[in-house]
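So this first bit is one chain, no partners, the form predicted on its own, shown in structure tokens.
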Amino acid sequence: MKNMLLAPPQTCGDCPIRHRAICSKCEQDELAVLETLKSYKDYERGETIVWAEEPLTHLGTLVSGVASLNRTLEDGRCQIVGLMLPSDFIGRPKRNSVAHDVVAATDLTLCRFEKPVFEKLLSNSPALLSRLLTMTSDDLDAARDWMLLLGRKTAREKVAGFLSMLVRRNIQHDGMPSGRGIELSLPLTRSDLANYIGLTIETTSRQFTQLKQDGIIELTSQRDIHIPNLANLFREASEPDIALNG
């Protein structure tokens, strides 16, 4: 496996996820400390970042790319139980391991800290602690929403709900687009997406085709999607237009 430590591509102040990552509430003096302690590491698609129940040596934030949280069943089947997008935090302070394998779903870059070092920083930084609590609460809300999607929604609602989740993350981080539409790039293959939302790949592909035929989405490539009207997408997912209402 190719695990190369990268020279930092930018300072903390210039980081593309600076204003939504765990360090988003830090003042300049705290950022200066983080700058001296961080390191960057690249992972290629398919590489495991953290193994479940293995000793956790580093904590970190996704700078770019997507990671999946995987659970392997006793018969060898692997289920994707969560996704991590840029600015999401990997690992839990004060815990020696994580419950799921964390795997690079795409090529990605991780900004990381040695676990004992970060835990010491956390104990002395109200800004870091406050942001971690907010992010943990957001993760809990997202997990509850995903339980509803998997347990109660139709196949069409599941696919639309997944796209809706990506839209909401984009809006949360980048603000509303100037028009009523938005461009998305799917972070997973169709096979991995089907695994994630609990459908077969045939059913997943069929729902994409039907959403396209009904004008809900436009497929510009296998992975790139244009959504011309966000309200229509939220309606198909049986979700409120909270992203449109601020």
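Just count from 1 along the sequence shown to find any residue number. Basically, rigid core = biggest C-alpha set you can superpose within 1.5 Å across the two forms. A quick note: this is a predicted structure, and the numbers were derived from the prediction, not measured.
FYI, the form predicted together with the DNA isn't displayed, but the following is about it.
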Margin query: Using a 4.5 Å heavy atom cut-off, which of 107-115, 149-157, 120-128, 162-170 contacts the DNA in the predicted complex?
Written below: 149-157
Next item on the list: Although the DNA is absent from this view, report whether L199 comes within 4.5 Å of it in the predicted complex, heavy atoms only.
Entry: yes
Next item on the list: Consider H58 of the chain shown here, and say whether it contacts the DNA in the predicted complex, taking contact as heavy atoms within 4.5 Å.
Entry: no
Check: Does any heavy atom of K38 come within 4.5 Å of a heavy atom of the DNA in the predicted complex?
Finding: no
Next item on the list: Give a yes/no on whether S185 approaches the DNA to within 4.5 Å in the predicted complex, heavy atoms considered.
Entry: no
Note to self: Between T48, T203, S64, N70, only one gets a heavy atom within 4.5 angstroms of the DNA in the predicted complex; which residue is that?
What the structure shows: T203
Checklist line | Displaced residue check between the shown form and the other one: T57, CA, 2 Å or over, core reference | finding: no
Notebook entry, point to check: Relative to the superposed rigid core, does the CA atom of K212 travel 2 Å or more between the shown form and the other one?
Noted result: yes
